[in-house]
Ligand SMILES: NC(=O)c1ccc[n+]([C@@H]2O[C@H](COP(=O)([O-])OP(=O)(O)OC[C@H]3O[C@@H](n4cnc5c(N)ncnc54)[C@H](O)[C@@H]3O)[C@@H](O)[C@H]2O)c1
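To begin, one chain is listed below as structure tokens, in the form predicted on its own.
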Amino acid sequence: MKQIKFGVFGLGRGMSFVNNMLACNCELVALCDKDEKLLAGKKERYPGVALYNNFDEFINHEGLDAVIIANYFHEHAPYAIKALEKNIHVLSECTPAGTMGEAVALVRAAEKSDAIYMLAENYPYMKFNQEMRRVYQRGDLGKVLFAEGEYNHPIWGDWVADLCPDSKHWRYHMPRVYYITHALAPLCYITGAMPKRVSAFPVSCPHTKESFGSDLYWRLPDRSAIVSCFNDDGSVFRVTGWAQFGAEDNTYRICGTKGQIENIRGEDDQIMLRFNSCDQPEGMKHVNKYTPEWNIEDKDLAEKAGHGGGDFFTSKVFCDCIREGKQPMFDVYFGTTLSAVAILAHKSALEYGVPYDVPDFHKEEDRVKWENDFSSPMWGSDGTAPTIPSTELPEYVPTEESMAEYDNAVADYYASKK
């Protein structure tokens, strides 16, 4: 088995890939981050691994086969493109592109490259989602007609200031719908359906100064967006972005012509599989509740990995595809389609539900329509200011005063921890 030499760009979330890549017979050869303290902290733990604070030098490391791109959420595409141009395989930690123009450029670069591009979306590989895919692909549910996906993940306490250290950080301005892959990707994985038209409505609730301590960086009123996707097979998905309502949960439901399957809210990995009485398969009950088990050789590795085993599978699938010379399911077209759904859903929410067609990134005639759209609601790490609103409520557009208030609150928070 060929040993893959890999590097990591972005040593926060990026380091969580290391053990899973090593378990897949890979060798860590280079690390890169602009934060010198992060780099210095890795020197003793990873002796012999090259350390870089410049991506262009990092990407020229001798013998580098693959890179984990794990820098800021909305700035993956430019670095992925540089790697692909050097025929270096890319595993992108989250949403591939922050703008439609970057999505187009990324697809074009991937098509010219001999390297593999993969979105490291881990939620589809959770145990219950893999089970739902198995049941659906077996045909028990018939054809999907409707499906739901929710990613409901509030942030509180010590996480808050650490995850969003200042008012120009991407998390401060990111529309919740931009973080859509955890809600949408499992539905696409289970059913094979892909969105072709989207419409979205915002879910908002202004935060008060009284909640400023516990909701430290939720200075924008957005709590979620409810997105409807009309798909290429005629089905409809209803999904959220990064939601903050109700109770924390990740839940998915697939409704077919014969029955439905879902993971039960608040019940960890438990599945509920139900059938219409006229379509009940032999040997199955009308209502079936059970906890699926791993049926794989690498069960122990999956159990140890984060995100319900999903973190192991993203690395395993990526490495398998490199060694076998094949494209993954979560390839550049899959990834940019999900990016486009997020971006266009925000445009729709800004107009309270006006629908947008999702481009087919396989088609150049669709790509040219968006190649010059680099509008973004977030600050760039180079200081580039947002060009479109980050919230659908104009009275809550961030001001210099509200941003300064946030920065002062963060400073006070850190001072209180000393």
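Predicted, not measured: the structure shown is a model, and the values here were computed from it. One rule holds for the numbers: they count along the sequence shown, beginning at 1.
The same protein has a further form, the form predicted in complex with the named molecule, not shown here; the description that follows concerns it.
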Picking from 371 to 379, 357 to 365, 65 to 73, 23 to 31, which part of the chain touches the named molecule in the predicted bound form when contact means heavy atoms within 4.5 Å?
65 to 73
Tell me, out of Phe201, Phe230, Tyr123, Tyr333, which residue has a non-hydrogen atom within 4.5 angstroms of the named molecule in the predicted bound form.
Tyr123
Students should find that, of Arg108, Arg265, Arg133, His169, the residue having a non-hydrogen atom no more than 4.5 angstroms from the named molecule in the predicted bound form is His169
At 4.5 angstroms, heavy atoms only, are Arg13, Asp35 and Cys94 all close to the named molecule in the predicted bound form?
yes
Check His182 for me: does it contact the named molecule in the predicted bound form (non-hydrogen atoms, 4.5 angstroms)?
yes
Indicate whether the named molecule has at least one heavy atom within 4.5 Å of a heavy atom of Tyr79 in the predicted bound form.
yes
Under a 4.5 Å heavy atom criterion, is Phe9 part of the interface with the named molecule in the predicted bound form?
yes
